[in-house]
Ligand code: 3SL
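Below, in structure tokens: the form predicted alone, a single chain.
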Amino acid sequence: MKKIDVCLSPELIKLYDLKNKVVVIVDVLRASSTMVTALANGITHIRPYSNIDACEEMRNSGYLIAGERGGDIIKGFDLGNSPLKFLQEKYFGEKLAMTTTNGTLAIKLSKGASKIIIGGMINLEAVANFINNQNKDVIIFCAGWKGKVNLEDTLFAGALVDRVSENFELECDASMVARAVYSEAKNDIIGYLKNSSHVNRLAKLGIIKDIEFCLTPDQFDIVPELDGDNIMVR
């Protein structure tokens, strides 16, 4: 049987063998949620960067540039890291370069995997269906917060493990921990996370609507995938 595992922090990814595996990148609040929303609303592709300067240079190649550090938009960038900005379809047909505190770094650290896909609560069922149809082991890679574990990404990992449990063997205790967190939280996800560190951090920035949006499951039926340097929907 295929196996599924969870990496709870970028600091732990070096312990995982990514070769021939599908890696699901998750940064619920908010990079992966923003990527899914942007691609579902007309962005042609996203080029992720861990470096601010490299991302900013893509403006010269006709890209919109989006980025945040510590939750705040980077000065001089077109956009920050809010999925709600892409619901208007204002940017239909545009290409996007993006850098974030945690999510784009996790993508960089996943190079070497067989496939790298982008997941969040907002496309949870689509991701579950995708990995069920792959004949490969899976690692759910939680972007966390500056190397530390965070609750919302762990909760997503548990939700995904729960949805595919009939088709996968749990690789290690991290998968069991994440599933237990989801089991406790699933009836009131927003309420469960209200005291979590990153929710409080973002709430102080006045983006409660972003939080609620990112925690609402199954809004989009797409699975973004890294193809070369670009994230797109095939």
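Residue indices: 1-based, along the sequence shown. In this text the structure is predicted, and so the values were computed from the model without any measurement.
As for the form predicted together with (2R)-3-sulfolactic acid (3SL), it is not shown, yet the points below apply to it.
- Among heavy atoms of residue 177, none comes within 4.5 Å of (2R)-3-sulfolactic acid (3SL) in the predicted complex.
- Contact check for residue 202: a non-hydrogen atom falls within 4.5 Å of (2R)-3-sulfolactic acid (3SL) in the predicted complex.
- (2R)-3-sulfolactic acid (3SL) is not shown here, and in the predicted complex it never comes within 4.5 Å of any heavy atom of residue 86.
- (2R)-3-sulfolactic acid (3SL) in the predicted complex comes within 4.5 Å of no heavy atom belonging to residue 66.
- Judged by heavy atoms within 4.5 Å of (2R)-3-sulfolactic acid (3SL) in the predicted complex, the contact stretch among the candidates 186 to 194, 53 to 61, 37 to 45, 66 to 74 is 66 to 74.
- For the stretch 75 to 103, the set of residues having any non-hydrogen atom within 4.5 angstroms of (2R)-3-sulfolactic acid (3SL) in the predicted complex comprises 81, 100, 101, 102, 103, in sequence order.
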